[in-house]
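The chain that follows stands alone, in the form predicted alone, written as structure tokens.
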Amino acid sequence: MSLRPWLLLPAKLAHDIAPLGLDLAASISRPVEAQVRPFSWTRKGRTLNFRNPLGIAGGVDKDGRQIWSWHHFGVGFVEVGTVTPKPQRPNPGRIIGRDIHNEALWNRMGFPGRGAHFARGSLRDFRRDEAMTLAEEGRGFRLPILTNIGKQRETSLSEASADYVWLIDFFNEQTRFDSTTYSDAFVINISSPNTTGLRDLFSQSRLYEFLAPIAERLEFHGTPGLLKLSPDMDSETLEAAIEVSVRLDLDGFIATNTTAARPQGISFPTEGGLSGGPLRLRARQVLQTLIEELGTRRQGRLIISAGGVLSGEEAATRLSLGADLVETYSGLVFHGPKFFDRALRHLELGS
């Protein structure tokens, strides 16, 4: 096991200084260039090319400030966010913890971030620099960016759609002025357990009414939309969510977010979401159920698996189960940015 000094720090302190550590590590290391087979996805006339199938999950880079560093360490794509319309502070009190023995991560952050204006500025700056680099090198992949969007904490559930619609419009607004696409797809996040009542939007009485105006705006802008699923949904709720998403012609799913369950031996507070090792089996199960329920309707839809991906072996398992792409969060917490190099080398050997 390699030295992991950040695990000697309190979880909150390690979380707060991680961006500095990431940028420093990127500045003194060689870029990761594992030869993993790329993946191409075409939907509704738009094609996204991924240099590999491994990316970071939402919640890692909330404001899109470190996309270049992630690119340096070999990611195939980046999910930025969760982004809210206005800046938002974390929930009060303790918001993060970890269990090193079980490789479990707990958080109750509640969509903290600098808001949509800051995040769009980060994506704009990255796209500008990326275009210059690609032009100079004459090669390389344009990095796909998925923007995870969520409602403001104080927005009521009855008005929640308006926050998501506003964000989709806002991130597409730049197309009036230039041809650059800042965000390649939007992730509709109503599965976080850290915003009071948010998961109630999955109820069968609310989901269609909530998603319909969002699907309409995605169609208007020609931007793909993915629904992020909760691992805590019962089979009936999951099936209903899939049915509504297909009916509205959404473009795919991310399975899954963190869980509110607390397996035996895990001593985190009952509030908040748990990820990492204890979520692994449930995340696999939701992925398999999703694919089975979709059946032939899966054709053309993007499926991303997340939750408990702590190694290249687990990433390979998710791909073998039918995921198109795989994301990690806890893998970075427990293994650092070199996680991607090791995981991609495993995928390279297995391809």
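Computed from a predicted model, the values in this text were never measured in an experiment. Start at 1 with the first residue shown and count on from there.
Keep in mind that the form predicted together with a small molecule is missing from the display, and what follows is about it.
Margin query: Just to confirm the contact call: exactly one of 38 to 46, 299 to 307, 65 to 73, 24 to 32 touches the small molecule in the predicted complex at a 4.5 Å heavy atom cutoff, so which is it?
Written below: The contacting stretch here is 299 to 307.
Check: Even though the small molecule is not shown here, does it sit in the predicted complex so that N257, S275 and L279 each have a heavy atom within 4.5 Å?
Finding: All three within 4.5 Å in the predicted complex.
Checklist line | Contact assignment for the small molecule in the predicted complex, among L207, L248, A160, I96, heavy atom within 4.5 Å | finding: Flagged contact: I96.
Next item on the list: Evaluate K151 for contact with the small molecule in the predicted complex, applying a 4.5 angstroms cut-off between non-hydrogen atoms, and reply yes or no.
Entry: No, K151 is distant from the partner.
Next item on the list: Verify the contact flag for A57: yes if a non-hydrogen atom of it lies within 4.5 Å of a non-hydrogen atom of the small molecule in the predicted complex, no if not.
Entry: So A57 counts as contacting the small molecule.
Check: Even though the small molecule is not shown here, does M109 get within 4.5 Å of it in the predicted complex, heavy atoms only?
Finding: Taking the distances in the predicted complex, the answer for M109 is yes, it comes within 4.5 Å of the small molecule.
Check: Is there a heavy atom of G225 no more than 4.5 Å from a heavy atom of the small molecule in the predicted complex?
Finding: G225: no contact with the small molecule in the predicted complex.
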